[in-house]
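First comes one chain, alone, set out as C-alpha cells in the form predicted on its own.
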Amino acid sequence: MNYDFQFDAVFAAWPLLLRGTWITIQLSLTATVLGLGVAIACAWAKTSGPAPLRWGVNAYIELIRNTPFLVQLFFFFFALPALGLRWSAHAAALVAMVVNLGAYATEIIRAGIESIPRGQIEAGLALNLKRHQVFRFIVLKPALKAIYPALTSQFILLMLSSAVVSAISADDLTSVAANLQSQTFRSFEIYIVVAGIYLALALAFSGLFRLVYRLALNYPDRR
C-alpha cells in the first residue's frame, strides 16, 4: 500500500474538532437527562396510568421504535417548519434525540418497575407512604438499579447515534469531520481521528455512568 499519511490538516483543525466534540457531548448529556425524564413519566403512565394515557404512550413507543431515527430527525427539522414551528438544527436534533431515547428507555424502565415485588409496594402503603413516595423510593430506585446496565448502554448508543444529526447540518463532531474532508480530501486521516474521539467519548461516558452508580445506586439489595 503506497499511501502518504498526512495528519497535518487534522492537527491544524483541532479547535474545530474540539468544538464539534463539545457540541456532541452537550447534545448527548442533555438528551440523556431529558430523555430519562420522559421515559420515567411514560413508564409510570404505562404501568399505573389510566387506560387512555396507556394507549397514548403505547402509540408513541410503537411509532418511534418502528421508524428510523433519521426519518424522525427529518420530521422535526423539515416537516414541522411547514406547520409554522421553526427552530435551529441544534434544537431539532436535541428534540429528536429526546423523543427517540424516551421511547426506547420507557420499555427498559417499565421492565424494571414490573420486576419489583408487589409485597414491597403494599408494605410501603402500609407504612402510610403516599403513592408518589412509594413510586419514588420503593419502586423507581430499585427498578433503576436493576436495569441500570441496559439503560446506560442505551445512553451510550444515543451518543454514538448523534452522528446522524450531521444530516441536518447540526455542528456536531461528524459534521465538522465532513466539512474538513471536503476541504482537505484527507478522508482516512480525518475519520480515523474522529473514530478515536468517539471511542474516547464512549469510554468516558461509561466511566461517568459507573461513577453515578457508585454514588446513587450502590446500596445493598435486601429483597
Partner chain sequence: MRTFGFPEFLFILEAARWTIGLSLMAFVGGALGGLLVALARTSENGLARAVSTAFVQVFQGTPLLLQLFLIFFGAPVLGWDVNPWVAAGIALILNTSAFLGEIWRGCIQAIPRGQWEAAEALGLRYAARMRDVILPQAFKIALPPTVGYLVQVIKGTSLAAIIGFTEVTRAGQIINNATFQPLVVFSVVALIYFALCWPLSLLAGRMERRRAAALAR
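Residue numbers count along the first chain shown, from 1. For clarity, every value in this text was computed on a predicted model and none was experimentally measured.
What comes next is about the form predicted in complex with its partner chain, which is not displayed.
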### Message
If the criterion is a non-hydrogen atom within 4.5 angstroms, does every one of 68, 83 and 198 touch its partner chain in the predicted complex?
### Response
yes
### Task
Would you mind picking out the stretch of 89 to 97, 125 to 133, 75 to 83, 140 to 148 that comes within 4.5 angstroms of its partner chain in the predicted complex, counting non-hydrogen atoms?
75 to 83
#### Entry: Interface residue in the predicted complex among 176, 194, 39, 27, criterion: non-hydrogen atom within 4.5 angstroms of its partner chain
194
### Task
Using heavy atoms only and a 4.5 Å cut-off, determine which of 18, 212, 12, 203 is in contact with its partner chain in the predicted complex.
203
### Query
Just to confirm, residue 63 within 4.5 Å of its partner chain in the predicted complex by heavy atoms?
yes
### Message
My question is simply whether residue 166 lines the interface with its partner chain in the predicted complex - judged by any non-hydrogen atom within 4.5 Å.
### Response
yes
### Message
When the contact criterion is heavy atoms within 4.5 Å, does residue 55 count as touching its partner chain in the predicted complex?
### Response
no
### Task
Tell me, yes or no, whether residue 183 is in contact with its partner chain in the predicted complex, where a contact means a heavy atom of each within 4.5 Å.
no
### Query
Even though the chain is shown alone, can you say which residues of 100 to 119 have a heavy atom within 4.5 Å of its partner chain in the predicted complex?
104
